[in-house]
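A single chain comes next, written as structure tokens; it is the form predicted alone.
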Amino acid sequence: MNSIQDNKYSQQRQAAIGAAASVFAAKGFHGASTKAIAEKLGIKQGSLYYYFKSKEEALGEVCLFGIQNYVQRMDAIANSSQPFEAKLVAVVTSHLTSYRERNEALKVYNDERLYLPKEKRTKLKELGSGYRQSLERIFEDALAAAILKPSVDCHFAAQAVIGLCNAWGDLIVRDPNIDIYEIIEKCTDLLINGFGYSEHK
């Protein structure tokens, strides 16, 4: 194929991944069918095999699409020269906006990836582990610079941020009317400033 054909195929395949994500998000892996994906895409079922050889391959591509971009964004944040608080804001913003931008694919990644064969899950797990490790590095750098208190467990902190973002991300997917920027602001305020307390006199 020439470059024009390559570009056209790439666009069509992205559309096929989007259609598969929509069907998997709505029906789950077992409830979905290649026929439903083809109908969503507006093509005949047989033509879908031009993009995916099987429903399982479609699931793998959707999961990869769901996580790959925001892992790359995490790497960029971790490698930047921003101060710790700015990095933390960027992490939460990137994580939560990913749910709005690629909400169906991320929902499928979170809910359906266990139905993939082990080798494909391993690839996704490596990406997920890389995401957590980059986030841990942000905390480790802040700890080394004495920005955080010495008792901070960087692994626990990274997992806590991910858990908080995933919980709100699930709500963002289910409710398109949620003000995502208000959630980002509240999450980052909680992470940076904590709950606070008042002393009773």
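Residue numbers run from 1 along the displayed sequence. Everything numeric here is computed off the predicted structure, so don't read it as measured data.
Below, we refer to the form predicted in complex with another copy of the chain, which is not included among the displayed structures.
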- Query: Is there a non-hydrogen atom of I17 within 4.5 angstroms of a non-hydrogen atom of another copy of the chain in the predicted complex?
  - Reply: no
- Item | Residue contact check: P150 to another copy of the chain in the predicted complex, 4.5 Å heavy atom | yes
- Message: If we define contact as a non-hydrogen atom of the residue within 4.5 angstroms of the partner, is K35 a contact of another copy of the chain in the predicted complex?
- Response: no
- Query: Wondering, does C187 line up within 4.5 Å of another copy of the chain in the predicted complex on heavy atoms?
  - Reply: yes
- I43, V173, L164, L64 - the one with a heavy atom within 4.5 Å of another copy of the chain in the predicted complex: L164
- Note on the structure: As a check of understanding, the residue in Q133, S47, Q159, Q68 with any heavy atom within 4.5 Å of another copy of the chain in the predicted complex should be identified as Q159
